[in-house]
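There is one chain below, alone, in structure tokens, taken in the form predicted on its own.
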Amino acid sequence: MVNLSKELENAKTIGISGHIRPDGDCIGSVMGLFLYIKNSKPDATVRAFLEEPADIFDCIKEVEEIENAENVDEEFDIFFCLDCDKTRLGAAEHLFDAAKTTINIDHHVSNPGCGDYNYIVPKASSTCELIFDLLDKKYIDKDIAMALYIGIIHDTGVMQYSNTSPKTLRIVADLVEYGFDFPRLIDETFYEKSLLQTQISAKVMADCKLFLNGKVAFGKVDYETMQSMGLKSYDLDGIVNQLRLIKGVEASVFMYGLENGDNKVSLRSRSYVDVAKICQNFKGGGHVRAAGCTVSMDAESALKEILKLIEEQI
């Protein structure tokens, strides 16, 4: 485990970033650590770098302070890579490489560790859970607790996925004691969907197809549809989980088209298919039951390759 207090002791400039297309755990861990360092080291300069978060995360304190790293050129005393390895930092990767000290905190089994110090725990529910482990509790306040709570509920499906452990539940109990409105956070950041999100989800579900005797569900959104409907990547959150909930389905595959012709792929499994292993074949990764990758091929060709790999496990 990283001794966070010791590493931060003499740092004057601190950078934090997470993966491209940030999800709830990524945003929650980045902002939770960002707010914590501001509390515990008020004389230090701390900056957070991510792609623009979805509007649902506007409830997190100072989320508007998140910056785009593209035009930033600075050598930080410490740079944190959260919820991924450095190859998924996007525009912030060069800042990580240039830092005097690098720290990688993650819970993805596919991450070998890319920092001078690495805290990689695949059995953890989320990176937010690991961040909570590292914090000096006297500096945690309601805003930090809320950010970490959001990350945990998003990566555990509100404590329903198999990555939820007794330790996770104890941490959630500790966080809730800080007094934020947790039922509202669950509704507004996890369950509530815009009309556009509801429409695209309904379209994908209506057009989805089953393969391998009904054990695999597949849905997609092509790039032209993304453009015509004005969709952002976060508008598609949760669709792959909806596909997995179809009766009899063991694994779900969801793809959406990117501007360069590639396809972003998300996979989920119910009980025995290791989707992280499948995604590693395409230089992706994640968890045993939830993983993703980007493929440089059309959706039909990508699906054909993925189905072969799923069939081998089935």
Ligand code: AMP
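All residue numbers refer to positions in the sequence shown, first residue = 1. As the structure is a computational prediction, the values presented were derived from the model and not from experiment.
Only in words, not in the display: the form predicted in complex with the ligand, which the text now covers.
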**Q.** Distance check, residue 295 to the ligand in the predicted bound form, heavy atom within 4.5 Å
**A.** no
Q: Please run the contact check for residue 102 against the ligand in the predicted bound form: heavy atoms, 4.5 angstroms, yes or no?
A: no
Q) Should residue 303 be classed as touching the ligand in the predicted bound form when contacts are defined as heavy atoms within 4.5 Å? A) no
Q: Report yes if any heavy atom of residue 110 sits within 4.5 Å of a heavy atom of the ligand in the predicted bound form; otherwise report no.
A: yes
(Q) Given a 4.5 Å cut-off on heavy atoms, tell me which of 61-69, 277-285, 39-47, 242-250 is the interface stretch with the ligand in the predicted bound form. (A) 277-285
